[in-house]
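Next up: a single chain in structure tokens, the form predicted alone.
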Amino acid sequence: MSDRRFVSPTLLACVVVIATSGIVYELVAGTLASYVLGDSVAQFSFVIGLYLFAMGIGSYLSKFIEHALLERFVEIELALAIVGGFSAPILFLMYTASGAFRATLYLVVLVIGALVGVEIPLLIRLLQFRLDLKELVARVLALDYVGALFASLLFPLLLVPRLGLQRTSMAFGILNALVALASTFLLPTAHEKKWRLRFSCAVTVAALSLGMVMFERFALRGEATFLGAPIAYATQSHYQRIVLTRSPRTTRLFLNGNLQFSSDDEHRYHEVLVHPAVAALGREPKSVLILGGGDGLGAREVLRYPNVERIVLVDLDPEVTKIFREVPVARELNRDSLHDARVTIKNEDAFGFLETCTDSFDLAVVDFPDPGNYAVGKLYTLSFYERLRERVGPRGVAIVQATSPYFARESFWTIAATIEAAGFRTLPLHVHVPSFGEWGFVLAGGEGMGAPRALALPRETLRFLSDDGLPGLFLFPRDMAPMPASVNRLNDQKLVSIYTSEWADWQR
């Protein structure tokens, strides 16, 4: 080797890079899987388990590498740079272009895990003649765990917010390729393949660097094709991929590829979300709490009532509220509701907000995404609704988005049963939204709350609702009728498994 003084420090530094990049690739795969396939707990469990299993395979296979260990190490590091670096772009393109995402995901995780599994034993073998075995194992494993911690901190705090998933994986691919390049300087001066390996490292770095520069442009084209309309705005927040599309006929919002609303028919959804609750309240609300609804469309409907004095809107993702405050097409949809002086925006977890809030509200509008994972599922639990009841009191009214009573019938009635168990009187209702089909809500209030018979706004004010149509919202045909349902509690979250199972049946 060229300079033995630097062999040990260089190879030990490689351990940190390998551990950090391996965990980053694993986190990228798990995050993309949870975005695309839902149920983040299940997806991260599958990815972590498969990754560790593949590392075991790689560690076993490393025993068959007997000669030219450093050269093999450089080649494996280059392979990791290519597969890991391009893992997120490949998975993203598979998601937008075909139905082979799941198979590609598991194959990529297997390959990355196996490559990382080969590298650590090779490094130990390369260092075994320079360090005492006890000292060697202690240092390698300690640095491996330090690298894992480093990656787990960097990923949510810096990498995803600043680079996004695709650029993060490519940046660490470049880092792996640079480690491979540095390792070539440990080869003997006369080594016949040294310059070939260096050239391969340079090409890999160049390809990944070009990918970082060019990928966003190609990704947006593929995403626009997949979503069926030109993209007006797209960004990656701490929590989700946010995309607004706009065609001559309609504007749509997608979160992690899932449609949230279409301007063609969102008025049906949001009118039913707000106005029957106000009618059931029996008076115009003065103070309103909106949980979720960062797009401002629910706030737009609430602001139709002139007596409203304040609205507190709580949405976890600041990027969503920023988009609907700043992007012209988004502001056009919500009629600048988020700029109204009566609206206060709080970007925090709704569960935590209810635990610390001491204010009372006449009306609470609860508009969360469906309970497809445990992070959202906690917002559909008995504990959550008990806290909500404290905020609206015996004379206030709440209305809760409760998924589809047709596609997820048991889920819908589980939500209704859980709200009732929190001490509310409940009145379930539903509406047909062409973009989604039948959609359900649960109206909740004190014992004196009755089904609303007349709207508090003139008929011509609204596009869909009318006094004549109100009673029909509360009638459920036999295929959506009430059914036995359990209470969704924080310690079990039965609703998440019920919901994912019901929707999976429709997607088969």
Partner chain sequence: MLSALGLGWLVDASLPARRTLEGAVVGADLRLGHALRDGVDRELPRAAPERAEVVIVGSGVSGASAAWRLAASGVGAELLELEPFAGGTSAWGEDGVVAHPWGAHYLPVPEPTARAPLRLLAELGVLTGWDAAGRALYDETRLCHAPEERLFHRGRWHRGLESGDVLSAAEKDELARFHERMSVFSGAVGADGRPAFAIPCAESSRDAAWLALDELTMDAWLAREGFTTSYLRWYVEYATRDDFGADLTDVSAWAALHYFASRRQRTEQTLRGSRYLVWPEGNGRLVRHMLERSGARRRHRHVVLGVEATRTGVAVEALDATVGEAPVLRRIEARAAILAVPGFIAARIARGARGLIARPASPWLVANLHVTRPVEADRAWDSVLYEALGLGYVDAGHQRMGLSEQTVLTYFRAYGGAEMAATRGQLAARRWGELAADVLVDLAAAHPELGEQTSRLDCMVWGHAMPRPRPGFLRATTQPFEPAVLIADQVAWAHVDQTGLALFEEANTHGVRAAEAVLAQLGVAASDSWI
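Rigid core here is just the name for the largest C-alpha set that superposes within 1.5 Å across the two forms. Positions refer to the first chain, counted from 1. Everything quoted here is computed from the prediction, not taken from an experiment.
There is another form of the same protein, the form predicted together with its partner chain; it is not shown, and what comes next is about it.
### Task
Can you check 23-31, 64-72, 465-473, 448-456 and let me know which stretch has heavy atoms within 4.5 Å of its partner chain in the model of the complex?
Partner-contacting stretch among the options: 23-31.
### Query
Among the candidate residues Y233, F101, Y374, Y406, which is the single one with a non-hydrogen atom no more than 4.5 Å from its partner chain in the model of the complex?
Going through each option in turn, the one that passes is Y374.
### Message
Quick check on this chain: which one of H238, K193, R425, R283 has a heavy atom within 4.5 Å of its partner chain in the model of the complex?
### Response
It is H238 that has a heavy atom within 4.5 Å of the partner.
### Candidate spot H275, D340 and W506, all three touching its partner chain in the model of the complex (heavy atom, 4.5 Å)
The answer is no; none of H275, D340 and W506 reaches its partner chain.
#### Entry: V487: touches its partner chain in the model of the complex, heavy atom cutoff 4.5 angstroms
Heavy-atom contact with its partner chain at 4.5 Å: present for V487.
### Message
Is Y51 part of the interface with its partner chain in the model of the complex - any heavy atom within 4.5 Å?
### Response
Yes, contact at 4.5 Å.
### Task
Please run the contact check for S360 against its partner chain in the model of the complex: heavy atoms, 4.5 angstroms, yes or no?
No, S360 is distant from the partner.
### Query
Is Q493 a contact residue for its partner chain in the model of the complex, using a 4.5 Å heavy atom cut-off?
Q493: yes, in contact with its partner chain in the model of the complex.
### Task
Check each residue of 71-92 against its partner chain in the model of the complex and list those with a heavy atom within 4.5 Å, in sequence order.
The stretch 71-92, when checked against its partner chain in the model of the complex, contributes no residue at the 4.5 Å heavy-atom cut-off.
### Query
Is there a C-alpha shift of 2 Å or more at A29 between the shown form and the other one once the rigid core is superposed?
Superposed on the core, A29 moves its C-alpha 2 Å or more between the shown form and the other one.
### Message
Given a core-based superposition, decide whether the C-alpha of L157 shifts by 2 Å or more between the shown form and the other one.
### Response
It does shift by 2 Å or more.
### Message
Does M480 shift between the shown form and the other one by 2 angstroms or more at the C-alpha, the core having been superposed?
### Response
Shift of 2 Å or more: no.
### Query
Closer or farther: how do the CA atoms of G30 and L495 lie in the model of the complex, compared with the form shown, if the change is at least 3 Å?
Those two alpha carbons end up farther apart in the model of the complex.
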